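What follows is a single chain, given as structure tokens, in the form predicted alone.
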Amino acid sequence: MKGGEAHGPLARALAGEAEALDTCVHCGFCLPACPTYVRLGDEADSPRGRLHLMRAVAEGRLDPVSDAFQSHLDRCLGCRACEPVCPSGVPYGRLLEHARATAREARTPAPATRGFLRLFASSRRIRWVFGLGRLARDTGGARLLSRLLPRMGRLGALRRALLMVAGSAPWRPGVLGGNGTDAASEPSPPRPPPPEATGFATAGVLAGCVQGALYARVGRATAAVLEVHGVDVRPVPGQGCCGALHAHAGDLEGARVRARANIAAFERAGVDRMVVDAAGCGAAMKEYGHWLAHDPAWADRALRLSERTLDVHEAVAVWGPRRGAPLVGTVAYHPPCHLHNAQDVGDAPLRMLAAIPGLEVRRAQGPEECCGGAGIYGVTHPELGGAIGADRARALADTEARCVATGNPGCMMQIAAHLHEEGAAMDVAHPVELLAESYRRAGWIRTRPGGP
């Protein structure tokens, strides 16, 4: 569908959502919840404004190649903060994916977006590129090179990417204090018996792409914490990228290819549940049933996997979770948008942190606002994403906590990069890493799940 063919196949798919588009009653509750509208003050950069543009394309009144449709959709973070406050229940996230697919078919995406999609389409390229990223991070080269680049312009995007890579460095358990005991050097208390099997017995953990390449330690912490709760964590050969970044960029077919591969891999593994410790990936996998609903060969299999996918906070909440050894200190909790808004996980992350004796959890002003990372948004939109990220970093720094806890790799990197820009001496960790350290100090995990 190129300029003028407003009713191409993807526009018809958007037209098929006419009932959902008509659900919006233009009440305006979404306006103060939308980070782009709050900063730009443009109705077209609000959820209801974007819905108006989608409806115009679906009805053939607006060409999807137009700058209005393309630019205002492109500026959307996809944070879905509009959904919890919408009294009409507009499925904005689903509509946005259809609209971006329409926009992508009408006009070739920007070079940066195309480059990222090519990267995440190949497991070999992911290994090479993120292997170099780990090397740049661990040698300090990423942070050093970022100092030589300007904050704005095209090189500003590269600078932001380097700071995000540098920000993926492991958190330092010593920053929180506690009793400081290395449990591995002392006699271990008795390991708690497995909890009553009210949830599931076996699980596979999604390694993912960014998560697996830069935050493999989080996957190890997830597996270790599940094992403390009596779960048999099994390997899942053949798994890969969840497809979230492709879906967010409008490449729905590319997202479906990755969904099918993961469905087959988890089926072969024969596990009860799929546990995900990256909020964006978990939200995507819970959408597999929707992505493949019209594929007769995969629809039932996709829906079954979606229904059996759990975020790690949800998984551990099945049993409480168990209280570990003290970590005395303060953390500021930041809820990832795709955990809070898209998955509606609720207070499970706070319950996980509450299971750590001595840990004080603080919330920043505007606790649920997006960090500006939004997949690749922080790199492809360095000015607007940077402004949103800087606001979030300042709010978190104002809590005077020692560490930020958040459950998504994009948020972790974005927040860490902006904390560095703000000169705030705060580490960034996944909540499951904090719980794993508490369990290690209790002697239930023998080694720290550290590393890259």
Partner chain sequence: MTPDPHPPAPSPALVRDLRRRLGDAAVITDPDRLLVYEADGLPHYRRRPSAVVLPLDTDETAWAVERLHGAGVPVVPRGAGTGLSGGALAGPGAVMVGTARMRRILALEPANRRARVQAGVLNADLSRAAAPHGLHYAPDPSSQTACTLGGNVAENSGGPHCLKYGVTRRYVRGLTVVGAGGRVAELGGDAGPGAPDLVGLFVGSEGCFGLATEIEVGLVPVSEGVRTLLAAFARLEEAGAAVTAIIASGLLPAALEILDRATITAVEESVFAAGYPRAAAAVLVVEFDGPDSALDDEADRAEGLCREHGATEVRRARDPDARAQLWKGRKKAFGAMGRLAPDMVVQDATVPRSRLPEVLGRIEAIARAHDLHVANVFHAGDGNLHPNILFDRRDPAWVARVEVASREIMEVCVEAGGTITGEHGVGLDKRPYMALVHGPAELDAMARVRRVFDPQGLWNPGKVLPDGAEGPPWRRDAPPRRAGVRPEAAPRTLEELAATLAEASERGWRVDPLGDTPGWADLELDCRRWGDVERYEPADLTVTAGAAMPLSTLATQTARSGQWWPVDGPGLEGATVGQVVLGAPESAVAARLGGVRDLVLGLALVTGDGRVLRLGGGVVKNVAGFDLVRLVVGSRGALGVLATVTLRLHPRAAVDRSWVLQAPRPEALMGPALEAAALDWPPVAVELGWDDLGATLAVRGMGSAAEVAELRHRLGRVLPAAREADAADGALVRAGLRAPAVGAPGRAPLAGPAGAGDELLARGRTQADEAGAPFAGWLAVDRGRGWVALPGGAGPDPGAGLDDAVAREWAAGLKESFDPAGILPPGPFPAGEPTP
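All figures in this text were calculated on a predicted structure; none of them were measured in a lab. Positions refer to the first chain, counted from 1.
Missing here is the form predicted in complex with the partner chain; even so, the following discussion is about that form.
Partner proximity in the predicted bound form, defined as non-hydrogen atoms within 4.5 angstroms of the partner chain, places exactly one of 384-392, 423-431, 409-417, 46-54 at the interface: 46-54.
The three residues Ser66, Pro84 and Ser88 all sit with a heavy atom within 4.5 Å of the partner chain in the predicted bound form.
Residue contact check for Cys403: none of its heavy atoms lie within 4.5 Å of the partner chain in the predicted bound form. When contacts are judged by a 4.5 Å heavy atom cut-off, Asp398 does not count as touching the partner chain in the predicted bound form.
At the 4.5 Å threshold, heavy atoms of His72 reach the partner chain in the predicted bound form.
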